[in-house]
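Just one chain is shown here, as structure tokens, and it is the form predicted on its own.
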Amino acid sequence: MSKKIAPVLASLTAAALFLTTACSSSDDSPDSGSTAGNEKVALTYWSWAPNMDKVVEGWNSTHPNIQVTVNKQDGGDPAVTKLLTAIKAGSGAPDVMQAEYQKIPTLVSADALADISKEAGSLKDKFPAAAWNSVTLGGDTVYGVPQDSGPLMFFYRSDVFEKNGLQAPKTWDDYAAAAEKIHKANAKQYLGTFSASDAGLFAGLAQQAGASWWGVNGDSWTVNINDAATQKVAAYWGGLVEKGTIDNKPMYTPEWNAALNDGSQVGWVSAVWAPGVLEGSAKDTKGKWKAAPMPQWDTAAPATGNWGGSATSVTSQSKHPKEAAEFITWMNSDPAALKLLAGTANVYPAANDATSALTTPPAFFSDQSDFYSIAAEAGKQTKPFTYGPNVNVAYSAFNDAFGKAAESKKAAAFTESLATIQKATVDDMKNSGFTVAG
């Protein structure tokens, strides 16, 4: 796959979902792992998800001729670097690789992933459209099977909302009004913060608004980080920061964790995996939070974005791509495997049938029985979003430019930053040998 035509859509490993599961086989799962001539095949699988070896035991126990060994890896850039090093060396690569959605273009550009279009069969119908698009390139070319996803949702302190006579915001105008009312009633409380160090969340917010930062035009890439949809999102959050109705501190710091727990931060635009974070950071507030759909730009056309998620892909150096594809099909679509992914590996399965494996809400939201119904609907409403081969460069530029904008607390600084990110991304792609239109 040349650098000219390697597009893909993106989407954090999902956090704890707290279920009890058992391993069993399914009628619609692949037949026992027999290969031609009853040959026995050994596969290796690089993954960073917890307890994935226990998930794989479910496969190994029913597929004696295709045995999978899990090698625990670091996620993110270290995992990509290690795989690319092995691919370049011509040895040492696994048969199967867990890959974050936004990393797939980089891996495809380096010829690190195998095309499994023939083996994927009718899998497309088992996943939300946005999740499936995240593993497809060039129309029907498939480079993995979606494993977990992170549809955006809104989390809020229901007690604070009730005290202020508020309901969960239906629109972003509602959110802005609620943020102002809450902060006016208690100067120490904020409905949220704009974190300039979390480009993945901002990308998801832009995705909800209709943005798609990368694309392909013939044999060329396109880059549209400075488009109208992203401008709208940047202006909105920049305006809230300038007005002072939300905070402008980064997330995932001791200060932010304390604010969640002491009631200074009373809302969070996050993803389906948020309960695990809240349980760790805001344990004293358990029972006071509710989950709701994302506020909308247009209630007549509800949409959301994604923050995090990964696929499982067959590498280009696998000597057994057919068997590897059979394994990842089972792991991400078989009902028994979905239960293991949710309850043992603690991820939110991307498959449409995920709700069948999620019969109990997360422990931190134990009194909200519709939690996963909201999550499932969000997954269906996630808009397509294409990522490119240098997402790391775009994210780094975001952290720098938006960090300065957050410090300035000027709305204009947020929107002006997008041109800087656009230029940095395009320049890097051209310098790396990609053809970029426009």
Partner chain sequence: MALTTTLPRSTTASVAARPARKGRGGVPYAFLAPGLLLFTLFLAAPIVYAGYLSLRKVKVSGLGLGSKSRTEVWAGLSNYSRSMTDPDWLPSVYRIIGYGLIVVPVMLGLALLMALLLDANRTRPALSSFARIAIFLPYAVPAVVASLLWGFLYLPRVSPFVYALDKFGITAPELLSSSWVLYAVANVAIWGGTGFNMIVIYTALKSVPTSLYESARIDGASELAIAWRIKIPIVMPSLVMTFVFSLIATLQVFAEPITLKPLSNTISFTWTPLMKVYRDAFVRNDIYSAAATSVVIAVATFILSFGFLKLVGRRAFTQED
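Residue numbers count along the first chain shown, from 1. Quantities reported herein were computed from a predicted structural model and do not represent experimental measurements.
As for the form predicted together with its partner chain, it is not shown, yet the points below apply to it.
Peer 1: Within 4.5 angstroms, counting heavy atoms, which one of the listed stretches 66-74, 385-393, 370-378, 52-60 is next to its partner chain in the predicted complex?
Peer 2: Contact-bearing stretch, as computed: 385-393.
Peer 1: Is it the case in the predicted complex that Glu279, Gly287 and Ala411 each bring at least one heavy atom within 4.5 Å of its partner chain?
Peer 2: Looking in the predicted complex, the three residues Glu279, Gly287 and Ala411 all stay beyond 4.5 Å of its partner chain (heavy atoms).
Peer 1: Tell me, out of Lys232, Lys249, Lys126, Lys322, which residue has a non-hydrogen atom within 4.5 angstroms of its partner chain in the predicted complex.
Peer 2: The option sitting close enough to the partner is Lys249.
Peer 1: Just give me the single entry in Glu255, Asp298, Asp140, Asp173 that has a non-hydrogen atom within 4.5 angstroms of its partner chain in the predicted complex.
Peer 2: Of Glu255, Asp298, Asp140, Asp173, the residue with a heavy atom within 4.5 Å of its partner chain in the predicted complex is Glu255.
Peer 1: I'd like to know whether Gly218 contacts its partner chain in the predicted complex, with contact meaning heavy atoms within 4.5 angstroms.
Peer 2: So Gly218 counts as contacting its partner chain.
Peer 1: Taking the shortest heavy atom distance, is Asn399 within 4.5 Å of its partner chain in the predicted complex?
Peer 2: Close contact exists here: in the predicted complex, Asn399 approaches its partner chain to within 4.5 Å, heavy atoms only.
Peer 1: Is there a non-hydrogen atom of Asn346 within 4.5 angstroms of a non-hydrogen atom of its partner chain in the predicted complex?
Peer 2: No, Asn346 is distant from the partner.
Peer 1: Using a 4.5 Å heavy atom cut-off, state whether Asn186 contacts its partner chain in the predicted complex.
Peer 2: Because no heavy atom of Asn186 falls inside 4.5 Å of its partner chain in the predicted complex, the answer is no.
Peer 1: Though the partner is not shown here, which residues of 414-429 have a heavy atom within 4.5 Å of its partner chain in the predicted complex?
Peer 2: Heavy-atom contacts within 4.5 Å come from Ala424 alone.
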